[in-house]
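Just the one chain here, the form predicted on its own, laid out as C-alpha cells.
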Amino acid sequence: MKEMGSMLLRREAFSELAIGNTAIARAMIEAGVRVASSYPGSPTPEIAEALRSIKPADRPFYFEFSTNEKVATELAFGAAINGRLSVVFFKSVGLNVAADSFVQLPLMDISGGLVIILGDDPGANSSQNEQDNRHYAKLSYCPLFEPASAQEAYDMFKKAAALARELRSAVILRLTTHVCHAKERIRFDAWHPKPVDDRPLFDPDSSNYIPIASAVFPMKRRALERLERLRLRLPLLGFDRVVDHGNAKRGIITAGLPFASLMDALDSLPEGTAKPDLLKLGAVYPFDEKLVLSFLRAHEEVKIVEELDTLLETDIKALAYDAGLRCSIRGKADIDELMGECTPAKAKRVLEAAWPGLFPAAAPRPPVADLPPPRPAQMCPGCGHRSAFYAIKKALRPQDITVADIGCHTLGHLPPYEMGRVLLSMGHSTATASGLSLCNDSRRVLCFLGDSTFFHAGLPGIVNAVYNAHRVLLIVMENGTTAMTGHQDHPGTGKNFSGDALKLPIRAALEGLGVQNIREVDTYKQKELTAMVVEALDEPGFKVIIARHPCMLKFTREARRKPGWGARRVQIDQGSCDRNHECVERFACPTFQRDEDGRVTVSQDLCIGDGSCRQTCPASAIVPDA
C-alpha cells in the first residue's frame, strides 16, 4: 500500500503496471480534483483503496464514503457548484439510488465541473442485474465516454475532467468490470501540483439552480446546447479510433471493452484473411455522427457490436436512414447478444453469425476430463450470519415468509438455510415485508437488513413500518463493516475514510425513529436468538432484533497482526460422533467435510477455531484441536 501511495504522488512521468481503478486514482490527482465521494460497490472500490494508500496529510483532495450514492452525488455536486472540480463514483445499480438528483445535473451550471464514474457490470459479475446505464445518459442529456482499457480510462478521465470544467457541466465516464480490473503497463504523465485556491465561488446569480416550471425550459435548452457544442469538439478529443484493414466490404462499429475482444477474435484469423475494418467509439453519447457516416459510406456491410442494449445500433440505424445510405447495418441477431459480457469467444460467435465462414471451422476438441462440481457461493467460516440463520430457522414455521436484502447475508437464500426468498435492492426488505404482511393473517413475516444498508437505504422503510404499525420482524444483521465490498466503514463503526468519527449506534437510531420493541443478541448465542425470534414473531406491530457479531474475516485478519496471535482449530472426536451430520447438513460451515462413508472431518485450511459450531452438535463431538 505504501508503494502504491508513493507511485500515485510521483511528480515525474513514468510507466507502471496497474489496474484501471488505480489509473483513475492517479488521473484524479493529475486533473486537480478537489472533492471526491463514493459509496462502495464493485467494480469501483479499488479507486478508493488506491486513495487510501496515500497518507491523509498527503492526499491532494478530500474524499469520503458517503452513506449512499444519492448523498455522494449531492455532496460532489455541492462542491462542484462552489467551483471545485469534483468526482463521484459507484457501481451500476448505485445510479438508481442517485437518479433523483443525477437527472437534474445536466440542467445546472456546474462551474467547477463534475465527473460521474459509473462501474457498469455486463455479465452481472457482482450485481443483481446487468443494467445498461447508457440509457441514463440519454435520459438526462449527460455526455458519456467509454474507455476500452486501463490506459484509456486514465487518458479519458483527464479529458473528461477538463471538458466538465469547460462546459460547466457533469460528464459520465462509464467503466465496465473488466476495464476497472484489467491490468496493463500504463503511461502516466508528470504531475505538477498547482497552488490551491479554495475561496468559496458559489454565485447564486450565475444560473438558476431552482428547476421549477419557469426555469426548466431554459435549463433544458442549455443542456441540449452543451451537447451540440460537445459534438463539434469530438474529433479533437481523440477518443475514437479507426482500425483500417483495407476492407471496403465489411466493417464493425463498437465501443468500450468489446473493442478489445473483437481485436482478440480477429487476431485469431489465418494469415491472408480479409479482416473487417473497425470503428471504435470512445464518445458514446453524443457520438461523432460525421465519422460514423463516413465509415458507413465506406463499407457495404457494417456490424454493430455493443454489450447489452441496442443504443448505438438504434441511433446509427436512424442516422443512416436519415442520410439515405444503402449500407447494410447488422445489429443484434438474437436475445443472447443482449445479455452478458462481450468476451473474445462471444465476439467470435457474434461475427461468425453475421458473416458465416469468416472463421475457419474449429478442430474437434479432445474429450475433457471430469471437472470438479461447481463451488456454490457461501459464507466464510465463522460468519455470524451462519449462526444467525441456523438459529432463526429453528424458530420458523414452514409457512413463514422471509425477505432478503443486499449484503453477505443475501447468501441465506441458499440451502440449507433457505431464508430471504425475495430481493429487490438495498434497503427494500422492510417495506417489501410490510407489503407481504398486509391482508395476511396466517403467515408471519420476517426480514433481514445489514448494518451498512441500514444507514444506506433502510431508514425510510423502517419509518414507514413504525408509522403504519406493520406486523413485521426485522433482523438487523450487524457485523460492524461493509463486508461484501471490501470492509469499508459506515456510520455505525465509529470510523470514516480518514480516521475516527462519531459512532451512530443502530439502537439509538431505531429508538429515535420510534421503534419501541427492540432486542439485541450476539449471533453466536444461538439458543437465545432462537427464543427471541419465537417471542417476537407472535408479538403485534413492528419489532427489531439486532443480531450482532463482528465479520470474522475482518476480525481474524486484524488479529493476525497482533503480537501473540496463534491459529485455533476444532476437530471431530470420532469416538463421540454419531454421524448425525447436523454440522454438515444444517449448520453447513464449509470447514466440515463428509467422506463417502459418512465420516466427518475438519479442513484445517478453512477452520478458524471460532467455536460457533460446537453448540450445534447433538453428540458434543466438535472439540478444540489440542
Partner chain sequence: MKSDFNIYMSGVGGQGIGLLAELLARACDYAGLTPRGCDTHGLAQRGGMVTSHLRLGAAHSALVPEGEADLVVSLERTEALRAADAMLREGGSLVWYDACWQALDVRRGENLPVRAEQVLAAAVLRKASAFKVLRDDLPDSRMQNVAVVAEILKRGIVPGLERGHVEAAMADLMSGSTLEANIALVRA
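Keep in mind it's a predicted model, so treat the numbers as computed, not measured. Residue numbers count along the first chain shown, from 1.
This next part talks about the form predicted in complex with its partner chain, which is not shown.
Engineer: Hey, of 103 to 111, 280 to 288, 324 to 332, 366 to 374, which bit sits against its partner chain in the predicted complex at 4.5 Å between non-hydrogen atoms?
Structural biologist: Result of the contact check: 366 to 374.
Engineer: State the residue from K220, K138, R421, K183 whose non-hydrogen atoms include one within 4.5 Å of its partner chain in the predicted complex.
Structural biologist: Residue within 4.5 Å of the partner: K183.
Engineer: Of these, A509, L312, A320, L553, which has a heavy atom no more than 4.5 Å from its partner chain in the predicted complex?
Structural biologist: When its partner chain is considered in the predicted complex, the option within 4.5 Å is L553.
Engineer: Please check if S576 has a heavy atom lying within 4.5 Å of any heavy atom of its partner chain in the predicted complex.
Structural biologist: It does not: once its partner chain is placed as it appears in the predicted complex, S576 has no heavy atom within 4.5 Å of it.
Engineer: Would P344 count as touching its partner chain in the predicted complex under a 4.5 Å heavy atom rule?
Structural biologist: P344: yes, in contact with its partner chain in the predicted complex.
Engineer: Would G78 count as a contact of its partner chain in the predicted complex, using a 4.5 angstroms cut-off between non-hydrogen atoms?
Structural biologist: So G78 does not count as contacting its partner chain.
Engineer: Using a 4.5 Å heavy atom cut-off, state whether E46 contacts its partner chain in the predicted complex.
Structural biologist: E46 belongs to the contact set for its partner chain.
Engineer: Please state whether every one of the three residues D264, S268 and P415 places a non-hydrogen atom within 4.5 angstroms of its partner chain in the predicted complex.
Structural biologist: Heavy-atom distance to its partner chain in the predicted complex: all three under 4.5 Å.
Engineer: Do any residues of 461 to 483 have a non-hydrogen atom within 4.5 angstroms of its partner chain in the predicted complex? If so, which ones, in sequence order?
Structural biologist: The stretch 461 to 483, when checked against its partner chain in the predicted complex, contributes only A483 at the 4.5 Å heavy-atom cut-off.
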